[in-house]
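Here we start with a single chain on its own, the form predicted on its own, put down as structure tokens.
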Amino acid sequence: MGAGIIGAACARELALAGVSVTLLDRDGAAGATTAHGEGNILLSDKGPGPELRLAQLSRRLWPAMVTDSVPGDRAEWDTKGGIVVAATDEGARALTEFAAGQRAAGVRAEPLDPCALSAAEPHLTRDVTAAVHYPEDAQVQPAGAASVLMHAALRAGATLRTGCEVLGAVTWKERVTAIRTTEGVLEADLFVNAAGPWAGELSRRLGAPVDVRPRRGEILVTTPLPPTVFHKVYDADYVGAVGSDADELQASAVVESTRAGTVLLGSSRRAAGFDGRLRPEVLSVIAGRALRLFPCLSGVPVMRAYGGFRPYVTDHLPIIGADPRLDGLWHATGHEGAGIGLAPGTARLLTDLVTGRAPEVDAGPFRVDRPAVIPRGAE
């Protein structure tokens, strides 16, 4: 239930494991959150812990998934790597300590001296106190990557139904046996809630609510430029913005190019419900932060701006696994801004759990019945 990147990845993995899969979406496939992201596949922003382990599994799985037999390079797989920079002495100490912890967890995190940084990013500001290179960071075109995964699922026997909204569950003895949709009643042995930011609303309709909330983010896109930005470059403040629980605007400088030559400027996070209006004051903050990193972008036209909703859970971990309150209901959601990067690992973990295989990562931290996920009184 949900045909974004997470739903497509889960459908592919389950179908390849021999499960009969139907993928549903109330609108079009990959048209919501997936189509409104940057396509980041990052290890650089995750400290040691369960999310990093899931990200490492996903990073290992991504190359084979994007080279699946679909004509053309729709996914635009790019192993450009990332560079994280600090602009203060305090920021340099924090970045150095963070990178050391990641290296201990198996992440390649390589300090760059000023000469090496200048060679890697010649247009980057020189007002930098520390820089770390993450060669494992990568990028895909998100809708294209979702299309690759979806086509692989369909070739493996899955079916896709769009324009099919889930209205509620048909239950018997605390088990969901079917779902009521705008296209009729659909029966199955299990149902996976992969509705992203709408997973909270969908779970309420099904009678087993999980606390997934929308968190808004915006991105600016410049006109095409000659080669200017060669990695995903971001300020070390980005890690703090990702991990913040604040409702007000959290912004940090994130700058990267695309194959088309455009430059993406981000990023922002804020609680806005499902209010999809672009806020000029937010876009102004994003642009200002980006110019601190790349002053050469001053005067470059911005040809468009877009935003999307991310599925936010208060403990900043995805929800992956069976719902203990309603037999037959499973969840794969709550990835916030990391859904693209974590999709393969999420699909592999979910399929391991469904089929009884030994999981490659510990599923415990992502369980449904943890305090951040099930609202009080909804146990």
Partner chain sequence: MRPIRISLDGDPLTGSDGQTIAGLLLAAGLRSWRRAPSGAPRGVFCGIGVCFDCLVTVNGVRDVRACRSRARDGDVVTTQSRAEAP
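No experiment lies behind these values; they were computed from the predicted model shown. Residue numbers count along the first chain shown, from 1.
We do not show the form predicted together with the partner chain, though everything after this point is about it.
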ask   = Among G157, G101, P224, G106, which has any heavy atom within 4.5 Å of the partner chain in the model of the complex?
value = P224
query = Which pick from T228, Q250, T129, T181 sits with a heavy atom within 4.5 Å of the partner chain in the model of the complex?
reply = T228
key: in the model of the complex, C115 touching the partner chain (heavy atom, 4.5 Å)   = no
ask   = Can K80 be called a contact residue for the partner chain in the model of the complex at 4.5 Å between heavy atoms?
value = no
ask   = With the partner left out of view, is H133 within 4.5 angstroms of the partner chain in the model of the complex by any non-hydrogen atom?
value = no
ask   = Heavy atom to heavy atom, is H123 within 4.5 Å of the partner chain in the model of the complex?
value = yes
query = Residues in which of 216-224, 85-93, 191-199, 173-181 have heavy atoms within 4.5 Å of the partner chain in the model of the complex?
reply = 216-224
request  = Between 314-351 and the partner chain in the model of the complex, list the residues on our side with a heavy atom within 4.5 Å.
outcome  = none
